[in-house]
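A single chain comes next, written as structure tokens; it is the form predicted alone.
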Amino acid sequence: MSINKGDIVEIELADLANGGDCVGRYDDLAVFVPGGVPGELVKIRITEKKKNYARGEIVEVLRRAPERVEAECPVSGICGGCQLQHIAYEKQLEYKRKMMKDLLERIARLEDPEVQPVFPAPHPFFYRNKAQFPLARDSEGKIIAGFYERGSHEIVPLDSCQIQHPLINRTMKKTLEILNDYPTLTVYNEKTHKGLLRHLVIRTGVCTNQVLLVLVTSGKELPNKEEIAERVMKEIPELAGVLQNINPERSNVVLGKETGVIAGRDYYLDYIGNVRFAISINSFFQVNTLQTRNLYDFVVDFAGLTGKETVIDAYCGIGSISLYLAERAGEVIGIEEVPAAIEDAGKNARLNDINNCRFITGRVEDKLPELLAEGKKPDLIVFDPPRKGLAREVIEAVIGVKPEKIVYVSCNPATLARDLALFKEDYDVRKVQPVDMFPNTYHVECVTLMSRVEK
């Protein structure tokens, strides 16, 4: 029996898919359903029908799974930020481990990989240290902030987000109150490309209780900006600085290329363990500060350093992993193609009086052979790439260098599995440790140890 858009049918939800939707089958067709729990019998309305799959929304839960819980956030079913808040936290961890293992078996073709239990977050709520709030006006003309509704660009207004750090929520709320005192301020409309205020970007130092606020505008002129900044800094004493970022582009990229300080400074401080970092608005820094220490401790454990090794930290960003490993290594060399990040990495090394790290600007696939030609043969390479994973050229360059060990930190299990398949002939997968950096979402971070196959 075929189904069409708008039909209401009953299905049993079998599993959690990558992306956070549950999947069930109707007449042998895979149907993806947000907000479900595996094992539930649900009545759904078909919202999309394709040749090989369909999507649906829950109309009624006919048989409820015991791990279903009441979501903490009142808009969790609408907002696209949290996909798993309706599932008990312990069960979220089980599903993430299973998802990780399934991907490694299916894509990397590893036989029964030993994926460790997911290391839980110390705090499943209020953990994020960075937020990007799009702005709009409500029906009464008031400036509001929130997140986009799942699958749309309609803003779900928020007073408080359950996964953002409380200081972010307080800064957002107080900034909106102040902005609404200036009726001449306009808000950007992405359909007409008119209006000034686009986003509020807020970053906070969880260990230092410092916060950085960025007003993202479509043009350079921001009326009353000094007065606005002064008022916000008076209301939020933890503010290290108020910045204006100018983004005139017709795109969904949040930050533009030009940033200026309105008040205070353009960075804040935070810690991972005993290592201090100065973080600017464009710096890559893990969003769950407290859990990052646990993540990096697994990197340290897998690395097994004795204090003599040469380590290459590929995609080093502002040097967070490099500096965390430095006291345990002979030398750490960070590679990053973003010049501003390399500049920040050098500053952070000096901030911590760390002298056995050096940072070079360039592409990993170019710089690895150059280092080898210099006589710098690494004992260990650490990867922490973006979600797209490693380019094939990078993998070929690493296999040419032949380090004894590779520690791969991944925020995308699918691209990790793809890359492990390419390493398979030359490296064995020894340990796989998922770490829950993003509670209540489907995302999971993972640390993988590989060792060279002796031929």
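In this text the structure is predicted, and so the values were computed from the model without any measurement. One rule holds for the numbers: they count along the sequence shown, beginning at 1.
Beyond what is shown, the protein has a form predicted in complex with a small molecule; the following relates to that form.
Among heavy atoms of Gln286, some come within 4.5 Å of the small molecule in the model of the complex. With a 4.5 Å cutoff on heavy atoms, Ile321 counts as touching the small molecule in the model of the complex.
When the small molecule is considered in the model of the complex, Glu365 lines it closely, a heavy atom lying within 4.5 Å. Using a 4.5 Å cutoff between non-hydrogen atoms, Glu337 counts as a contact of the small molecule in the model of the complex. A single residue from the set Leu84, Leu213, Cys316, Leu325 has any heavy atom within 4.5 angstroms of the small molecule in the model of the complex; that residue is Cys316.
Site annotation in the model of the complex: the residue of Tyr127, Phe359, Tyr268, Tyr296 reaching within 4.5 Å of the small molecule with a heavy atom is Tyr296. The stretch among 424-432, 33-41, 385-393, 48-56 whose residues place heavy atoms within 4.5 Å of the small molecule in the model of the complex is 385-393.
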